Every structure is written in structure tokens, then in C-alpha cells.
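Single chain ahead, by itself, as C-alpha cells, in the form predicted alone.
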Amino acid sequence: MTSVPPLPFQTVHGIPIPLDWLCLAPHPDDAEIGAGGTLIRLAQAGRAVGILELSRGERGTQGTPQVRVAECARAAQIMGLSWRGQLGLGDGELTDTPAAAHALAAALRAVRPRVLLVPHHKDRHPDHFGTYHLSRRAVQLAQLRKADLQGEPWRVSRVLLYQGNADIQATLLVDVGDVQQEWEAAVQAHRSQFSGEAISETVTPEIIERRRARQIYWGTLARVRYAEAFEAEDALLVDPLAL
């Protein structure tokens, strides 16, 4: 009897099922900060939503991998995620290598997302723009029938870039005004990062205030109170009747 190779990730919350939306996060908490309100809105609307951390954040100044995985599980419950996992690539070493791309492509085949959220390539953090470039190769690999990968081929329908620390040219704004309480609770679930001393503009007790300021800015452009911003590299097809 032929054994089935193990899946290339650790499940933190839920079970790996076909997802409507999947957010790739270089480290624990990146998804909540950059796209958490949108993910919560989708989950509340009944969509199957997930997060895949590429690393465990083991080189972060604050917290340990064990503490941070517990924080991820708590945040997933608050957000109503269907699934959350960790790929286990090296923190500080996220880049487009064949081995990493094959691992991520196998994960994409396992959870089969329709829409994929990835960090913007303009972000200053090497792991963030490394994740962007890695995701491009993995999306291509996942759909190739002759790729040496576990699982059936899968084609992601849409890739959207979410905002990290750099400015972006937003082509899609999502109203997140109705989920501010849940979003704040999900971010604050990562207590090891946001309750101690300020380490950076991101790892700081002021994270909610700083990120909400961005949501207010994007919300002003969208004529709502709070919005999250995304950039589509390909043209979006819009029903004019919905405008």
C-alpha cells in the first residue's frame, strides 16, 4: 500500500478545506494587520476564509513560537476563520527558492483558494516582498499538471496585494466599519507583540491607532468611515449595475 506524503503545513485552527479566500502572511499577525477587517467581513458573510503563515515568527524580538501559535489560534477564533496554518519556512529567510515554492504550491493545492491575498512587493521588510515573489512562483506551480507536487492541480482565480508598511496604489477598497470591534480584538490577540515596549512602527502598543489611521484615510476616499486597501495587478471585471 502506497503511503500518502504528509501535508506541508501545520494546522493551527480548523481543518484544511477548500477556501474562498486565503491570506498569505510572512509572520503571525501580518494578516490581521493588513487585511483582518476584510477577512472578518467575509467570514461573517459565510465565506470559507483562511490564513497561512509562511514562518512562525521565531526570530521576532518578543514572544516565542509556542506563544505565537497560541495567539494565532485565538485570533482565528475571533475572526471566524475556517482554517489557519503555518508552513514553517525560516523567519528572516522568506524568498523565492524552488523548495519553498514547491511547499507553498502544495499547500495551495490542499486548500484550493479562489482568491489569494499576498503582501505588497513595495514593503520594506525582506520577508514581505520575499513572500510576494515566492507566491508568484507557487501560484504558477500549483496549476501545472506535470509539476512534482502532491494533490490535484489548482488555479487561483485572483491575487490581491495588501498593504504592509509601504504606500500602495489601491485599486480595491473594502468597507470594514462594521467589524472594527472584532478586528481590534483579533490584532490584540497577538499580545506578545503589541503589549510590550515598541520595537518598530509595527511591533508597538500603538498598532491599533496607527493602522486605524490608515483605514480612516482609505475610508475617506471611499466615502465610508474605515476601509482596507488592496491592489490588483490584473484588471478587475466590474458589473456596471453594481456601481
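Start at 1 and count along the sequence shown; that's the residue number. Note that the structure is predicted; figures quoted are calculated from it, not measured.
Keep in mind the form predicted together with another copy of the chain is missing from the figure; the text below concerns it.
Look up in the predicted complex whether residue 220 has a non-hydrogen atom within 4.5 angstroms of another copy of the chain, and give yes or no. Yes.
With the cut-off set at 4.5 Å between non-hydrogen atoms, does residue 55 touch another copy of the chain in the predicted complex? The answer is no: residue 55 has no heavy atom within 4.5 Å of another copy of the chain.
Taking heavy atoms and a 4.5 Å cut-off, does residue 122 contact another copy of the chain in the predicted complex? Yes.
Any non-hydrogen atom of residue 140 within 4.5 angstroms of another copy of the chain in the predicted complex: Yes, residue 140 lies within 4.5 Å of another copy of the chain in the predicted complex.
Judged by heavy atoms and a 4.5 Å cut-off, are 77, 84 and 184 together in contact with another copy of the chain in the predicted complex? Answer is no for this spot.
In the predicted complex: members of 165 to 189 within 4.5 Å of another copy of the chain, any heavy atom: 165, 166, 167, 168, 169, 170, 171, 172, 173, 174, 175, in sequence order.
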